[in-house]
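A single chain comes next, written as structure tokens; it is the form predicted on its own.
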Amino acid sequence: MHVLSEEELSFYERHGYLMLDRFIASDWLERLNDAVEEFIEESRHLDQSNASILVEPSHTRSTPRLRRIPHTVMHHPEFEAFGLCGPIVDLAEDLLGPNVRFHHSKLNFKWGDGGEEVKWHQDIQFWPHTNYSPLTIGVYLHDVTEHMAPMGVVPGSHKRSLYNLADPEGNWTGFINDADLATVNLKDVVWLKGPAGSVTVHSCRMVHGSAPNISPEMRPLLLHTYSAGDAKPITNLMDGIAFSGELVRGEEPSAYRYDDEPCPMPPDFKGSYSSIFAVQKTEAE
């Protein structure tokens, strides 16, 4: 074990999530926040989204409202160093074993005074793999209070049903429909607030979501998804994306591992997927 105790590993396996207060050192936080400020300043020259900066519909040059920086490791050397070699890779290895594969990264913003909600969903249906090892590590770049829409998780839901993220007619929505959501024990939700530098981990099967940000403060959440080395994506969503699929620890397996339970499939995004915010709002891409 590099950074976790056996008790923390056992907690993750039982409950499907972790919350680690102040896990990231201050020097890394400063470097990452400086990189974020560069993107915010760049966004002031945009009237609409581009390949490296996705903005909310209400974004203006004078009042920037960023929605997402996709594939952060592609767009800034500090993000690349952090996501491929930083302390969260030690964390991923403790959880996944010696062979760790990088899948993707992103920086989700929830701007103050109404930053967008993320409806209840599970991740793996967006990017199915041969097994259910993938997990996502989130880094709080700022303090996240109860008013800043911290992520909510349903403990133990990673061991229960996988839902079709579709409406009753079968149309993909990217979130759990009301009928299925009635079977989720939302009274058990844990809201993962914490100080800057804290880290969340959640299983790809975890039911999770977040409310709009009603505070005046921005809430940036840096996210990285890793899998065990013997997991292979079965859609083309990340084809051609730099570093996706690369081993960041260990060696290539001699065979891939296939879990028995089938995974509901997403639509063929045909390169149009930009963010869960757009999918859940059914915005045209």
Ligand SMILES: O=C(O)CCC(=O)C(=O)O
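Note that the structure is a prediction, hence the values are computed from the model and not measured. Sequential numbering from 1, following the sequence displayed.
Form predicted in complex with the named molecule: not shown, discussed below.
- Residue heavy atoms within 4.5 Å of the named molecule in the predicted bound form occur in exactly one stretch of 117-125, 159-167, 192-200, 86-94, and that stretch is 117-125.
- In the predicted bound form, the named molecule sits within 4.5 Å of a heavy atom belonging to residue 110.
- Mapping the unseen interface onto this chain, residue 151 counts among the residues with a heavy atom inside 4.5 Å of the named molecule in the predicted bound form.
- In the predicted bound form, the named molecule stays beyond 4.5 Å of every heavy atom belonging to residue 76.
- Mapping the unseen interface onto this chain, residue 205 falls outside it, with no heavy atom inside 4.5 Å of the named molecule in the predicted bound form.
- Note on contacts: among 221, 248, 237, 35, the single residue with a heavy atom within 4.5 Å of the named molecule in the predicted bound form is 221.
- The three marked residues, 103, 131 and 257, fail to reach the named molecule in the predicted bound form, with no heavy atom of any inside 4.5 Å.
- Along 49-83, a single residue, 68, places a heavy atom within 4.5 Å of the named molecule in the predicted bound form.
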